[in-house]
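Quick setup: one chain, the form predicted on its own, written in structure tokens, and binding and motion questions come after.
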């Protein structure tokens, strides 16, 4: 068993403490554990060049023999981290929440994942064995849930491209100063339980794995996100009354016998479930169709481009 801890907060801060507590439980169960703090690595931000998605589409259509990978792979440490991660059975991620959402350091890291889409690398043989990774997510904030509503949700949303199944997640609230969590024994115990749940998930057959956190955590019965929004039509016309903002499952809000709203999935509610590789591949079809349309209409774009290329405003 291999477990990698990933921290996007300061050294010896609350995020690192909680990840270490979870890793100690994994280590006690016999797992080989490693811990990285993203502050120690050079990670370039995604430049939006689209080379990865273009190349993936070309490989998929047989126009390109070999996938070149991320254009930044020789300029920073990202590829080294990803390759290590893709040999692990589990990751435990600890991230501080600033201004309602995960730290910019974590976002910079996670937004480079697309170039290393695991299901694609497995399909073309660049990754030989699917590690069937599971994850435990820890979001740390200085206040309560109302000041960290996108913390776990954004972290969970970054797991799809690595085909990581989130089996546990934890909100560590009211930790405004480094080491604050050491005053909260219940949070340290919860982190330890997360480590135990990670081991339990690893030791469970892949097809039988499920969510091991609190059953009533979040509103989505699939990914346990708190964020449910009114559904919009998808590119192919599919629409649900409501959708989970994280996993994309569709359904409706229904009042139970106690007058509380529940998010109940539709019969076909998993058709856009981003945790399912085949469902996520539908998004790639959407991208491919969009690009085909784009290149067919290049002349129209170029005619209109001139206006905006010539406009110059003063910078600061």
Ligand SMILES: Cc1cc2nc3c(=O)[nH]c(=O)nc-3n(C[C@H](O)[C@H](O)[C@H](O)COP(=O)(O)O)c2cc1C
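Residue numbers count along the first chain shown, from 1. As the structure is a computational prediction, the values presented were derived from the model and not from experiment.
Omitted from view is the form predicted together with the named molecule, to which the following refers.
J.: Considering only heavy atoms, tell me if residue 148 and the named molecule come within 4.5 Å of each other in the model of the complex.
T.: Heavy-atom contact with the named molecule at 4.5 Å: present for residue 148.
J.: Tell me, yes or no, whether residue 175 is in contact with the named molecule in the model of the complex, where a contact means a heavy atom of each within 4.5 Å.
T.: It does: once the named molecule is placed as it appears in the model of the complex, residue 175 has a heavy atom within 4.5 Å of it.
J.: Check residue 100 for me: does it contact the named molecule in the model of the complex (non-hydrogen atoms, 4.5 angstroms)?
T.: It does: once the named molecule is placed as it appears in the model of the complex, residue 100 has a heavy atom within 4.5 Å of it.
J.: Within 4.5 Å, heavy atoms only: does residue 143 come near the named molecule in the model of the complex?
T.: Residue-level check for residue 143: yes, a contact with the named molecule.
J.: What stretch, of 133 to 141, 117 to 125, 156 to 164, 82 to 90, brings heavy atoms to within 4.5 Å of the named molecule in the model of the complex?
T.: Every other range fails; the passing one is 133 to 141.
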